[in-house]
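First, one chain by itself: the form predicted alone, in structure tokens.
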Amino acid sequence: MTVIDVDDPDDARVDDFRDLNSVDRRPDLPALPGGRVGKGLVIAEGVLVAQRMIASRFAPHAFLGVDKRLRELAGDLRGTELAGVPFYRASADVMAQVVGFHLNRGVLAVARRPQRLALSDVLAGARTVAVLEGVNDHENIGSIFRNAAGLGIDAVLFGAGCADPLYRRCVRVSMGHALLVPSAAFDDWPDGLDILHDNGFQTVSLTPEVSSPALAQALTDPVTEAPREKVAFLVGAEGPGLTRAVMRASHVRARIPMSRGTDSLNVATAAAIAFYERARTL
């Protein structure tokens, strides 16, 4: 790596890290107010998330951090793929002035967005996927990616109305797994669910409806009682859940049995339970 000391917070070389808390200037925004094109960069915060960015297809083109974090990342920064990539070393105060707030994690990595993965490539070889509709909370999306990574989900797919999965907060909450778990978006929604059906997936809409069968029933063949070969879990936004059109298009609706009058769970929590139930049956 090339280590470059930065003492001036106005140094143009660190512009890709500037104003991370700005609602209209952040470098991770693909589009800016007024129809302007944004940088659409991907930001990794902290040593662990930076390490996962290095290991992903999101190749970092620069780092900004304090000396302590540079030393902690030293082993990860020796790869030939990072030859010539600058590590801008700064004090915590200079870094805070650049970023716009004090960053406890002490290091940032930044990458340009690669070409979006094709849905067909993401589905190739996959057995279990998560499909999101209307999930517009970045922390929920980040949590779903983290749950997916930990519980053996092969990919996360996006229908209509979802927030940007590469937004800084999403990447941070996912602990970098938003960069490692394959993801893709449907071009047509909900008609795109036919692609899952054509690829042999049992589509399972998660719903709190008490008339729906329990989740465990939806994951096994009713005749052989063997686990379904391929499963796609469909989850919707907090509150409204999945649209009726999506639930009608899916093979089956399923619920997580609840108690004490609770009608539903946080979407990331519900997804984690579904992911575990699937892992348990395989």
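Residue numbers here begin at 1 and follow the sequence given. This structure is a prediction, so every number in the text was calculated from the model and none was measured.
Keep in mind the form predicted together with another copy of the chain is missing from the figure; the text below concerns it.
Check all three, G34, F58 and R168, heavy atom within 4.5 Å of another copy of the chain in the model of the complex: The answer is no: none of the three residues contacts the partner (heavy atom, 4.5 Å cut-off).
Listed range touching another copy of the chain, judged in the model of the complex by heavy atoms within 4.5 Å, from 209-217, 64-72, 241-249, 224-232: Result of the contact check: 209-217.
Any non-hydrogen atom of L20 within 4.5 angstroms of another copy of the chain in the model of the complex: L20: no contact with another copy of the chain in the model of the complex.
Contact of D263 with another copy of the chain in the model of the complex (heavy atom, 4.5 Å): Looking in the model of the complex, residue contacts with another copy of the chain include D263, since a heavy atom lies within 4.5 Å.
4.5 Å heavy atom contact, P182 and another copy of the chain in the model of the complex: No, P182 stays farther than 4.5 Å from another copy of the chain in the model of the complex.
Contact label in the model of the complex: P30 to another copy of the chain, heavy atom within 4.5 Å: So P30 does not count as contacting another copy of the chain.
Another copy of the chain in the model of the complex - contacting residues of 150-175, heavy atom within 4.5 Å: Heavy-atom contacts within 4.5 Å come from G150, L151, G152, M175.
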